[in-house]
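The form predicted on its own is given below as one chain in structure tokens.
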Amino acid sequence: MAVAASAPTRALGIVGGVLVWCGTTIRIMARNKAGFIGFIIVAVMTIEAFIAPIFINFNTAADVNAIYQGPSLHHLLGTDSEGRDVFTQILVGGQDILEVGYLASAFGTFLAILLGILSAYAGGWLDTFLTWVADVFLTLPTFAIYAVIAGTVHLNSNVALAILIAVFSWAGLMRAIRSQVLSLRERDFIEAARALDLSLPHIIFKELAPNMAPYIAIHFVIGITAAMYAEVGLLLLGIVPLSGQNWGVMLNFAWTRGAIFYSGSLSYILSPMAVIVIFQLALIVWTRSLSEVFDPRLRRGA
């Protein structure tokens, strides 16, 4: 009975710890008002992008009597080339864009952490080889490579597109992580871990990675912006499948169907651009608060 009763207790303890951590983190972020506003915008737009498609049934049927109408009470942002409501498309069109952005940044950041720490910690020929590979990747014209691969391989899922972007986005962070690890590996706590014969994965993920959390977190956020721009660029050019309804597809349709030639379509063209820019700006501003969250030296009595 004692063993059975301890499981719920541990679960409650974990939940309580998570809630306390979340509350402390929010209080720290709130100290930087600009950064906290950025966080609120990112959180609201992310939640809306994933929840809206569940509750909003977007009507894909064309209405030839409402093509390229300007903003009105019935259509707040006007209509597109098929007479469909632009505002509804904005509400339901963020999920794919944000999903690829988050996944690509997560994959790329994880790869950079793993290779950067492994390169610096192992040293020798492995360090030389991984550094050389990173240098090669840094010189590649990434978007041109995205276009070639996406035009050759059928990327029929968000995960596949995210992996493609991540594979070519890790080198810069990897070099920075390597430089930091070269300094950290001579510290006393790493020497103690070696003396205790702790495994390499333990040293990498339990000892080294937490000490680089501020830089990693900020790079992850910035990586989301780069991944989103890459995805939208590929969608705009029509190189990846134009499946579903998202902001990138809206831009492609606006370009290929001649929306620029209609005076009433200005809101249709600018709306997806505006939401992408607002989300990107909010991400960048959010990094101001992230610095305080992960760097105790910047906290002021949290």
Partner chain sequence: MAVLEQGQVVPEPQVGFLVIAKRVVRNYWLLRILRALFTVWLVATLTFFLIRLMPGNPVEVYVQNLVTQQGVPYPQALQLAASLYNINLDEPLWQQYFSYMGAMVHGDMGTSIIQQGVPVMQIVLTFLPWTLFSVGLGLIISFLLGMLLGIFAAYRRESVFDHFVTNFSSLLHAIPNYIIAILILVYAGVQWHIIDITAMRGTLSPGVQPSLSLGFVKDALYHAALPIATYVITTIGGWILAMRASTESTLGEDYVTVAKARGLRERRIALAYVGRNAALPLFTQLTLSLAFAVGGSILIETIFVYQGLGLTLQNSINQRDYPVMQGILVIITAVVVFANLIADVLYGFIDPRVRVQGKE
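Only a predicted model underlies this, so the values are computations on that prediction, with no experimental measurement involved. Positions refer to the first chain, counted from 1.
What comes next is about the form predicted together with the partner chain, which is not displayed.
- For the chain shown alone, Val277 is a contact residue for the partner chain in the model of the complex, at least one non-hydrogen atom being within 4.5 angstroms.
- In the model of the complex, the partner chain stays beyond 4.5 Å of every heavy atom belonging to Val159.
- Interface residue remark: Ile163 is not counted as part of the site for the partner chain in the model of the complex, having no heavy atom within 4.5 Å.
- Contact annotation for Phe143: at least one heavy atom lies within 4.5 Å of the partner chain in the model of the complex.
- Exactly one of the stretches 98 to 106, 176 to 184, 117 to 125, 147 to 155 approaches the partner chain in the model of the complex with heavy atoms within 4.5 Å, and it is 147 to 155.
- If you check the partner chain in the model of the complex, you find no heavy atom from any of Val42, Glu82 and Tyr215 within 4.5 Å.
- Out of the listed residues Val232, Ile90, Ile224, Leu130, Val232 is the one that sits within 4.5 Å of the partner chain in the model of the complex by at least one heavy atom.
- Distance criterion of 4.5 Å from any heavy atom to the partner chain in the model of the complex singles out Ile260 from the list Ile260, Ile26, Ile54, Ile47.
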